[in-house]
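Read the single chain below, which is given as structure tokens and is the form predicted alone.
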Amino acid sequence: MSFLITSIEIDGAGGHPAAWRGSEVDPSAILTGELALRAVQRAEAAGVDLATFADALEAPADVPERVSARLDALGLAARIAPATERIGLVPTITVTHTEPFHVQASVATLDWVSAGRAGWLVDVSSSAEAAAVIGRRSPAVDAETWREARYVVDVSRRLWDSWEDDAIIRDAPSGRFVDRERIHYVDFESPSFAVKGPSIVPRPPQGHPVTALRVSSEDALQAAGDVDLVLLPGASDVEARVAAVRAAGGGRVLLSVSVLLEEDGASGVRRAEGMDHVGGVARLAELIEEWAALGIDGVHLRPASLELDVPVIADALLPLLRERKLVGAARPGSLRSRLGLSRPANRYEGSRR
């Protein structure tokens, strides 16, 4: 029996809009990154495999009771990397409107500074608001943005391969830090962009940092076969949706559910808006076991409050899942090895171009 993959989402003070207003939260800690760091360190200590970081291109709206500001997900993951040792770090990166070359270089850099624990959660944007914020081009329909995202994933992996693993030679007597013969052009063209390469960043420790996406539409499902990790939001129709991802050739499948872990039913109802699960850890552990029987490879928990729910996940849920033999001991090594993924071969090794 293989153990489930466990992960949590970092999103402001938590997934619930009012999470930042609780007496246990210092709202200023949201924008210093301290709230996120504390949550990730708690999750790491409990043996959680990876943390994702929410982000979007659209400027936060000034809506009463909601946090109308956020940190850049990739920058936040880089802030947390040196303060953690084992947990995977997977920031959301919207690849629509952004430069693929710079995106892949940033993800490769995160893999280097985290010693092989980086991934990226590929997202798209078809909104007019996001296009206006960037100011580069008009919005496209969802299907077109996902087609382009697949090209971005493809060229990113090519650019990660543009340096052979042994291209860095550090030959002090000759003064040569790299062997230029082991660095290659990718010469990639898509309908919307072209990249010649090579990358400015050497091949990442994992070869290819883990690529993930969230399947919440038929267009996103078409891209599932290109990634290592698929997040399925919501707790309904689990078996059918997992089967659809498998049919599309998708990698590891994590059910992504928002959770409010509250034994006190009355208190829980007060902060229950929009949650997939409201209740105690015993019932959530039962549900996770049922979902595992339907074919998922793991769970992606989106806590209502980082300060209230992550400690419960770490101190009560993970031990209970371990007791039920659903989760094993904390897994060492790279993020790819945690997910049971092999390190990809370099497509350009030995190439003369």
Partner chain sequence: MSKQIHLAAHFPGVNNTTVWSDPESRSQIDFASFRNLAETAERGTFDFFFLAEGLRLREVKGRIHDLDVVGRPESLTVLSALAAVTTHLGLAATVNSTFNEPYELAKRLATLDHVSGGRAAWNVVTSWDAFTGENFRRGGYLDKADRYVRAEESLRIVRSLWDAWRDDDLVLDQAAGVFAREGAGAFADDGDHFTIRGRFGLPRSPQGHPVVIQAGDSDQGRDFAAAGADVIFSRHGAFEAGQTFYKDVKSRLPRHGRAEDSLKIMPAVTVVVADTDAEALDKAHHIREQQVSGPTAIVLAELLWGRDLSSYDPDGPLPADDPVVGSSVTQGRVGYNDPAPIVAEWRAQAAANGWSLRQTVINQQNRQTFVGSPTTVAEAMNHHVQENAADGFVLVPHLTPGGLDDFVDRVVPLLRERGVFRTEYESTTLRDHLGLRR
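This structure is a prediction, so every number in the text was calculated from the model and none was measured. Residue numbers count along the first chain shown, from 1.
The same protein also has a form predicted in complex with the partner chain, omitted here; what follows describes it.
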* Asked: At the 4.5 Å heavy atom threshold, is Ser174 in contact with the partner chain in the predicted bound form?
  -> yes
* Evaluate Arg66 for contact with the partner chain in the predicted bound form, applying a 4.5 angstroms cut-off between non-hydrogen atoms, and reply yes or no. => yes
* Distance check, Arg343 to the partner chain in the predicted bound form, heavy atom within 4.5 Å -> no
* **the partner chain contact at Ala292 in the predicted bound form, heavy atom, 4.5 Å** => no
* From the list Leu326, Ala285, Ala56, Leu308, which entry has a heavy atom within 4.5 Å of the partner chain in the predicted bound form? -> Ala56
* Consider the chain as shown here, without its partner, and state which of Gly75, Gly274, Gly234, Gly249 has a heavy atom within 4.5 Å of the partner chain in the predicted bound form. => Gly75
* Asked: Does the trio Pro27, Ala105 and Arg170 actually contact the partner chain in the predicted bound form, every residue with a heavy atom within 4.5 Å?
  -> yes
* Quick one: which of 209-217, 222-230, 249-257, 175-183 gets within 4.5 Å of the partner chain in the predicted bound form, going by heavy atoms? -> 175-183
* To do: Pull the contact list for 9-38: residues with a heavy atom within 4.5 Å of the partner chain in the predicted bound form, in sequence order.
  => Trp20, Arg21, Gly22, Val25, Pro27, Ser28, Ile30, Leu31, Thr32
